[in-house]
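In structure tokens, one chain follows: the form predicted alone.
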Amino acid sequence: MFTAFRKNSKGLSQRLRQIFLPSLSVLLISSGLTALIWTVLTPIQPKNYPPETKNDKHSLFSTNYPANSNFQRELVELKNKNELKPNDELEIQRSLLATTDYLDIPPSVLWCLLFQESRLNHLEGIESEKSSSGLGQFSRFSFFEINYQLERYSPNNLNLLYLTFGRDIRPIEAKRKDPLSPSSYYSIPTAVTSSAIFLNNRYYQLSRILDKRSIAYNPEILWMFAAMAYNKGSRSVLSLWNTIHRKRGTEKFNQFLNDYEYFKNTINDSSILTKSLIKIWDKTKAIPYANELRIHTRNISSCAISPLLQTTRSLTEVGP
């Protein structure tokens, strides 16, 4: 009986090997492939760099703004003269923090841009027929983009409108007869949100161009280029980039995109700005436009950027 059992066991063992060995091989191969795919798909974590945070101490931008002492005194004077009412200032700040948090914009950049454009007067231009209006001095080109071209940029833009107002409030206009309407750019939440979206679109536009060409850039410095584009259009920034690259070479062009000190010194060069803008406008416009853009960028930089970092630190170590 035991002999028969051993024979049966041997036969069973052979059959089991025939059945399970191929399955086990498939399982091991499958596990190996899964492990390989997981290794490929899992990003390699950097070993020597701490994780970045929004409030990292190395951030270029000041958490207290305006950072410039002259603008601080001017802000106090606006309040003392009641040209900036407490409730308006509070509403601007509340809207600004909510908007910049959602779009991941440095708050000081948007605040300083609005301060530069209108000195935080949300009714700027309401009693005149000026071509630009409100907090962010929106023109007909700005309104057209916000009202009809949002789909060309980040999907977060439309989401922000729904989150802020509960619906799509477009078309947004400079409604002088109904300034408090949610669709009026003279309404503070509408102006802040619209201006933030327009600024964010400029950053999105410029970053996509650089990303497509695999050009490394400091994202904080790119916000300064976005502020320049807010004032004189993205093509002005592109023309400036082309001029720097052509006249100073690839190394200096890369430095322009990554080193704040080099960025600041270059932007203060009126001749390089004029040479860039003259490719877009005739000389009679390019010269004053270049001077306006230089002052615009210098003021926003000194207002938004931490005073300690403006003269003591280069930002070449901050990656995209």
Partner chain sequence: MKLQNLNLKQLHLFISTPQGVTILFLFVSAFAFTLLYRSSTLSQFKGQPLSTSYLTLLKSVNEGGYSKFQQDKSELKKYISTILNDPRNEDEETHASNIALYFFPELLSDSNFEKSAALELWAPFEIAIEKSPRTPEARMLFEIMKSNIWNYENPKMKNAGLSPHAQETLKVYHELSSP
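Residue numbers count along the first chain shown, from 1. Note that the structure is predicted; figures quoted are calculated from it, not measured.
Omitted from view is the form predicted together with the partner chain, to which the following refers.
> H122 near the partner chain in the predicted complex, any heavy atom under 4.5 Å?
It does not: once the partner chain is placed as it appears in the predicted complex, H122 has no heavy atom within 4.5 Å of it.
> Contact with the partner chain in the predicted complex for S234, defined as at least one heavy atom pair within 4.5 Å: yes or no?
Yes.
> With heavy atoms only and a cut-off of 4.5 Å, decide whether N80 touches the partner chain in the predicted complex.
No, no contact at 4.5 Å.
> With the cut-off set at 4.5 Å between non-hydrogen atoms, does Y185 touch the partner chain in the predicted complex?
No - in the predicted complex, heavy atoms of Y185 and the partner chain never come within 4.5 Å of each other.
> So which of Q72, S131, N159, N147 gets a non-hydrogen atom within 4.5 Å of the partner chain in the predicted complex?
So the residue touching the partner chain in the predicted complex, by this definition, is S131.
> Can you pick out, from K85, R167, K247, R94, the residue that has a heavy atom within 4.5 Å of the partner chain in the predicted complex?
Answer to the contact question: K247.
> Any chance all of Y102, L199 and R298 sit within 4.5 Å of the partner chain in the predicted complex, going by non-hydrogen atoms?
Checked in the predicted complex: no contact with the partner chain for any of the three.
> Which single stretch, out of 235 to 243, 169 to 177, 188 to 196, 103 to 111, brings residue heavy atoms within 4.5 Å of the partner chain in the predicted complex?
Only one stretch qualifies here: 235 to 243.
> Taking heavy atoms and a 4.5 Å limit, what residues of 140 to 156 are near the partner chain in the predicted complex?
R140, F141, S142, F144, E145, Q149, R152, Y153 sit within 4.5 Å of the partner.
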